[in-house]
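Take a look at this one chain, the form predicted alone, written out in structure tokens.
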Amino acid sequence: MRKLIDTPLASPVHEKHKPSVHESAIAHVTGQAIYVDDKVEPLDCAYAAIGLTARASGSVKTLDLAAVREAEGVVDVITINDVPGMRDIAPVFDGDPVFVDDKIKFWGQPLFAVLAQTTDLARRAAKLAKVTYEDASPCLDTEVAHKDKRYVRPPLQMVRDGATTQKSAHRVSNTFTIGGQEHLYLEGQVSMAVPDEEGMLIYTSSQHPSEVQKLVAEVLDWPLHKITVDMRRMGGGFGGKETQAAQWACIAAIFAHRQKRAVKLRLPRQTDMMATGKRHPFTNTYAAEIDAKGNILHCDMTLLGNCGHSPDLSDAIVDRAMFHADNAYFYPSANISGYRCQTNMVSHTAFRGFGGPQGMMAAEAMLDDIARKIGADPLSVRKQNLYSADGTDTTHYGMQVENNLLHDIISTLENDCDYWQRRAAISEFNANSPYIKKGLALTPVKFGISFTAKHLNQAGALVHVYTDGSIQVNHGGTEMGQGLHSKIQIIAAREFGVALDAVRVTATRTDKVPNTSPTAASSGTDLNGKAVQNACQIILENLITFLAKKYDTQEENITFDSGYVGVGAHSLPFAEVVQDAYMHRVSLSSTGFYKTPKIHYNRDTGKGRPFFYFAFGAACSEVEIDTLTGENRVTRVDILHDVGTSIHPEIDIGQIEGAFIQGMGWLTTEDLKWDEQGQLISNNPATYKIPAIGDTPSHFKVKLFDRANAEDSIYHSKAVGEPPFMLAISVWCAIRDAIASVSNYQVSPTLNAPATPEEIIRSLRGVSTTQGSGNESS
């Protein structure tokens, strides 16, 4: 039988399938794209709303819901005591009850839910509850939690004992904080539960339909086969809908089961922001021993992740922060400790980068400090500490950095963006500008691709070829605007040699592809693309076997291209071949499956190969700061990023641009604030500032690094969802560079993130007081 070879697309993309638009672009811009809240509701649909706690800790003394039940239009009210099955809906480790149970865990925790004839009536009724509390002092500080050994999961260490006889010439150390980040997806959390004779159909805006299926089944005490989850598209997710979309589906399902009618639950924005988790805030401490040239000899790092009240995904998130605490740099000797601190805040959760950005920040801050210590340019120090092929190519957790592209990427970018000429010009500008200071930084990214939980690195697919030659594809990934379905469409079209419009990718459904992994860890195309390819190739083998026998030819003589099938001297329309195969009882449908090879990791020893490959990139950012007001502006950004052989260059560039701007917001403007009682006060778009279009740099250039993935990924492409987010660290480093210029680069400033105007002023004052003091962090 002919072997179907997985060859790369021609660079930059196979001409026959060169995409022009996202597969849903027209539907998006014309308003025809159907999201959960757009679905036509059954005539008897009722609407739910949530009542939240007004304390961060303690317990509920009394809960009087009489006025809620008697309010206009109210149908039903439920609390934790009305959950028919399992009450804890935690994704991995226990700790996430559907509603408040015995103890209050955070301010804004769901306490009860009300069902009414309209959304407005439900939300009005929810405000009528009378609650009294037994108060307790909340823990809201990461470092206090660490001091008190309040952890949601045990600490972990990754140690490399690379003792050297070389003596340290200098030591740099510092501690700084990194704020969290609100996902602020355009489409908020929403679910609709529709009971039917087979069980229940759930429409949900979730990155993990199979987990929603499982948890809904568990709270209802039903088998999984009675629950079907449908997810056509999300209006953004960014990790915020990986685990935390399930709660709202579960509540809607409980009501639907009790009332035997459809139920929709859509959170208003403020409730969404208060009741769902964020990116983990971190407190990072590092200390490095270096030689006189700035080469790292040893480093100690302590990473404190603020996990909120429960584990959620924090174990793996802090793990990934530890994996990426090296970013692109070789540590001959290292001791990296990660702590999963418990506070009385909402349980923080997955967010683009999944802990990797917080770990990389420690590395990049440390490299800046080393450069200032020895009086060198930060880029030079970064380049000399990069992983290399001279025996310095193994991470602190034992994985070899193979096919390292960073040396080529950085050298190409520094030349293309005129780094050294601009560095000289900026130094001269700063020397002559008393109040406005400019900063420049070029930082790399090395990001590991795979779920660090090995069992999640699998995917399934279902492909049907119909007798008219059209093709329907279903897979376990979810579309959240990132273009996954567009890439899957290209893959199926290429495998069968047909036009893109011959392929339709349908809504993700648990009754078509079961037991799916979340669309996360940048693995959507890697996993599901391979599974779809596998299903396509099984069908192709069936067709090839049939045609070879019918036309008495070798299988190698059969080709599929441009909507035609070549069989020796014959050229037959694909649809005609499919119809002929059907008449001869040839199977035209198949499931597909893929599991990522090579990966392994022993958490007890902190060693292994947790990633299939690394994605690389680099960004050069230039900023201006006003030393009187602390205001900052990003004026120029140049990016060169590695996506392997791009399946869809336009989508990849869009993902890089969006990720960078989102990362820039995390590090400059997005400032989460809780008051002393533990209430989130930056709980709406008026008090929480994401980047606006005016914050986009006027010079913003993105180029793809044209190099095929050496690993056998789908068409030798690389993941693009998360890695470019961390390119924005260059903005934060450029702001530090501008602040350092006040001391003629003699002092390396402590700058907490986000670098708001207030924080920049604070940092500038710190530079003024430590200038010439020989501070350890300088």
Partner chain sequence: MISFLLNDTLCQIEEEQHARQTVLNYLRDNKKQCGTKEGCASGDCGACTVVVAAVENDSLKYETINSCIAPMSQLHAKQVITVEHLADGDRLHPVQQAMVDHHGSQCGFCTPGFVMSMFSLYKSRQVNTDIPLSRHTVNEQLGGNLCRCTGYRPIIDAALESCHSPEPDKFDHTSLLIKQRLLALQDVNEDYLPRTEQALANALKKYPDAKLVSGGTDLMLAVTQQHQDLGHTINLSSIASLQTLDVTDTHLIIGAGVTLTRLLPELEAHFPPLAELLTRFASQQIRNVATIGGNIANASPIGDLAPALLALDAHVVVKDTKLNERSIPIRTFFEGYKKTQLHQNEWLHRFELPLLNSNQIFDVYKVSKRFEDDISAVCAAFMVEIDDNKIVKINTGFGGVAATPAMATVFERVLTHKTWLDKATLDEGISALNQAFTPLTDVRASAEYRQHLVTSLWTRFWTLSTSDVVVMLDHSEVTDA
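This structure is a prediction, so every number in the text was calculated from the model and none was measured. Positions refer to the first chain, counted from 1.
There is another form of this protein, the form predicted together with its partner chain, and it is not shown here; the text below is about that form.
At 4.5 Å between heavy atoms, only one of the stretches 37-45, 63-71, 727-735, 708-716 reaches its partner chain in the model of the complex; which one is it? Correct option: 37-45.
Contact between Tyr435 and its partner chain in the model of the complex at 4.5 Å, heavy atoms? Residue-level check for Tyr435: yes, a contact with its partner chain.
If you check in the model of the complex, is Pro757 within 4.5 Å of its partner chain, heavy atoms only? Yes, Pro757 sits close enough to its partner chain in the model of the complex that at least one of its heavy atoms falls within 4.5 Å.
Contact flag, Val381 vs its partner chain in the model of the complex, heavy atom cut 4.5 Å: Answer no; every heavy atom of Val381 is more than 4.5 Å from its partner chain in the model of the complex.
Gly162 within 4.5 Å of its partner chain in the model of the complex, heavy atoms: Outside the cut-off, so no.
Its partner chain: the contacting residue among His183, Lys105, Lys530, His485 in the model of the complex [heavy atom, 4.5 Å]: By the 4.5 Å heavy-atom cutoff, the listed residue in contact is His183.
Quick check on this chain: which one of Asp695, Asp377, Asp82, Glu289 has a heavy atom within 4.5 Å of its partner chain in the model of the complex? Of the listed residues, the single hit is Asp695.
Interface residues of 597-633 toward its partner chain, as seen in the model of the complex [heavy atoms, 4.5 Å]: Residues within 4.5 Å: Glu624, Ile625, Asp626, Leu628, Thr629, Glu631, Asn632, Arg633.
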